[in-house]
Structure formats: structure tokens, C-alpha cells
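What follows is one chain in C-alpha cells, specifically the form predicted on its own.
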Amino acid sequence: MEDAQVVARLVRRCVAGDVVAWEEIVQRYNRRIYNICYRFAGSGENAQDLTQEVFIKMFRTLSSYDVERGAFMTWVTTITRNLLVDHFRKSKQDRVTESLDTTPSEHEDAMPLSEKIEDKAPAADMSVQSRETGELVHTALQKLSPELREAVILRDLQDMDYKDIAKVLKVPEGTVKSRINRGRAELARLLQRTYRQVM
């Protein structure tokens, strides 16, 4: 978790022209922003370019961050998300989710991905198995529609709470929960199909 006072001080120093403070912000948030970009873009090279764009945008708009309006990470995630949306609109890479047979009606207690993915492989080499599972999840994520993908990424991979996700996506909390639930269900279906194909 970020310390709001420390971050607020860093932001003030940056706005005042302190290069060291900016470097510290980049170090603090680089990995998280890169991870979000990677999950959306699908390739390391694109993710690096997008991460750089996010930091350029952050640097230019840093003075607009208002500590009273929410956590810095929420502000950063909003900038990242907006840039990704613009990027995908420009490059027309939006993918349409394959139609769901059923839409779950309850979303409050939607199971996290880790509980939906059945693990039937032997536990011989956990690191290889973990990496392969990560790659399967990453590939399946690319097949989700952008709105479902971003909701699942922010909740299950970035561990943001529903309220912050609602702020970032500018939609009601109920919509966030519904998208997360639909995204998880679709992802589980895609992963089960992939698993059947490799068996």
C-alpha cells in the first residue's frame, strides 16, 4: 500500500522541479503500470512503449493531482487506462468477446480466478507450471473484450478494490462487479477449452 503523505510530498517536490523525486515516483510505479500495459497490449515491446507514454502523460499532468480526491495509485491507473483506451481506438485492436451462453446474475461473491482455474497437472516443477499457467491466462485475457479485460486486470491482477475501479472506469460499482464476474466466467471458459485442447 502507498503512504499517502509520502506520495503527496514526492508529488509536491516533482511539481517544484525535483528530478530525484520524479525518479522515485517512476521506480515506485513502473512495474505496476508496465503490468497493466502488458496485460492489455499482449507484448513486452508494446507494453514498454505504452508505459513510457503513461509516464510522459503523468509528468505533464502531475500538478493536476489532488490528494483530497483519492489515492495517487487510482489517479495513475486512470491515466494508464485512458491512454490504453485511446491507443486501442487508434490501432483498432479491440476484440469482441465470444458470446456468453449464460450471464451470471449474482456478482457479489464472484470467485477469484485462482479458484476457478482447475489445476490437474502434477506438481513436479512448480515454476514451469506457474509460468505456463501465467501464459495461458495472458493469452486468454487478450480474447476478452476491453471492458471485461480491464475490470478483471484491475481487480484480480492489480488487486484494486471495487470503489477505486469504479472511479478509474467511471462506471457504477455494480457495473464493475458485473464486468468482473462476466470476465472471470468468460476467462474460465476459455481456459477450460484451452486445457481440453492440450490434453
Partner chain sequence: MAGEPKNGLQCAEFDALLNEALDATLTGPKLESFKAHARVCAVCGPLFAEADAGRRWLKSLAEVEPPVTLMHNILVATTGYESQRVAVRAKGEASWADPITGWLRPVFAPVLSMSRQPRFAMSFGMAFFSLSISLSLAGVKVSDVRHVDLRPSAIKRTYYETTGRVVKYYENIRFVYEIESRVREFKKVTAPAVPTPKEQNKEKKDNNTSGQPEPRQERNYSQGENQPVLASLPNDPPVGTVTTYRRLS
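Positions refer to the first chain, counted from 1. Given the structure is predicted, the values throughout are model-derived calculations rather than measurements.
The form predicted in complex with the partner chain exists for this protein as well; it is not shown, and the discussion that follows is about that form.
Asker: Using a 4.5 angstroms cut-off on non-hydrogen atoms, would Ser63 count as touching the partner chain in the model of the complex?
Answerer: No, Ser63 is distant from the partner.
Asker: Is Pro172 one of the residues lying within 4.5 Å of the partner chain in the model of the complex, judged by heavy atom distances?
Answerer: It does not: once the partner chain is placed as it appears in the model of the complex, Pro172 has no heavy atom within 4.5 Å of it.
Asker: With a cut-off of 4.5 Å between heavy atoms, is Leu187 one of the residues that contacts the partner chain in the model of the complex?
Answerer: Heavy-atom contact with the partner chain at 4.5 Å: present for Leu187.
Asker: Even though the partner isn't displayed, in the model of the complex is Ala166 close enough to the partner chain, meaning a heavy atom within 4.5 Å?
Answerer: Judged by the heavy-atom cut-off of 4.5 Å, Ala166 is well away from the partner chain in the model of the complex.
Asker: Any residue of 19-40 with a heavy atom within 4.5 Å of the partner chain in the model of the complex counts; write them all down in order.
Answerer: Val19, Val20, Trp22, Glu23, Val26, Gln27, Asn30, Arg31, Tyr34, Asn35, Tyr38, Arg39 sit within 4.5 Å of the partner.
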